[in-house]
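As structure tokens, one chain now follows by itself in the form predicted on its own.
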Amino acid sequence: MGKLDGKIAVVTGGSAGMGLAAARLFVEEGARVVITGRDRAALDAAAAAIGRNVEAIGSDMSRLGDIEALKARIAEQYGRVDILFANAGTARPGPFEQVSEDEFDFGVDTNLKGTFFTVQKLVALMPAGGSVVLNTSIQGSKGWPGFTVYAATKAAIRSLARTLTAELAPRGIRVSAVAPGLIDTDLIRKVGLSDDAIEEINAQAHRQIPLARSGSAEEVAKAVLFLASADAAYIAGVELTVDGGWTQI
């Protein structure tokens, strides 16, 4: 038996990286999974890679209309959501003094607004015993130059995990968060950093991380599975840090 047998799970931002790794693991553990993303081709490739018990729905989590359409599709096709991994997020790094209003809105709308309303709409379909896992970041508590908007949104999502725990616990719904550290995914390349910049970031970080390496998307996915499953039935409101010990010592 799998840990998620018979469960309906939704993973936003599920076409790559941590979202794809979590979706694949959820399916392996017995769930039927809906993945979302902006890039149709990437979504189709992710669904093909997972191979079974997965539906890919094109959806931009910064748009409330897309979230409403996602809710309607899930209600029609599955009738409920047992697990939500609110993973979709983005970053456009740059100096604080050069952040434009458009860049600010892009980060806030995708990360904070998108997470907020995705949870708001989909918990309407969630029965008692459901689990919501939010994707935060160690940047919510650890300051790095150039990531002001991203870090602020992730800190806000950490706060959201606490308040939603208080609000949804009476309905039997658990809310928690996973905070990845330096994880080897394509996201860091997609935000516009050069290979040389990435190598420098990694080299500096690995000297500070007790385990002296980057984490993998699969390692984050295992933490998400734990929080989403009955193994964490008495855990709520926490932020589980997956960073090789970087922020802990």
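Computed from a prediction, not measured in an experiment: that's the story for all the values here. Residue indices: 1-based, along the sequence shown.
Just so you know, the form predicted in complex with a small molecule exists too; it's not on screen, but the next bit is about it.
Kindly indicate whether G17, R38 and S59 are, all three, within 4.5 angstroms of the small molecule in the predicted complex, using heavy atoms. Every residue of the spot touches the small molecule in the predicted complex.
Only one of these stretches, 96 to 104, 162 to 170, 70 to 78, 129 to 137, has heavy atoms within 4.5 Å of the small molecule in the predicted complex; which one is it? It is the stretch 129 to 137.
Would T110 sit within 4.5 Å of the small molecule in the predicted complex, counting heavy atoms only? Residue-level check for T110: yes, a contact with the small molecule.
Would you classify V54 as touching the small molecule in the predicted complex, given a 4.5 Å non-hydrogen atom cut-off? Although the small molecule is absent here, V54 would stay clear of it in the predicted complex, with no heavy atoms inside 4.5 Å.
Can F147 be called a contact residue for the small molecule in the predicted complex at 4.5 Å between heavy atoms? F147: no contact with the small molecule in the predicted complex.
Heavy atom of E199 within 4.5 Å of the small molecule in the predicted complex: E199: no contact with the small molecule in the predicted complex.
Identify, from the list I209, I50, L182, A223, the residue with a heavy atom within 4.5 Å of the small molecule in the predicted complex. Flagged contact: L182.
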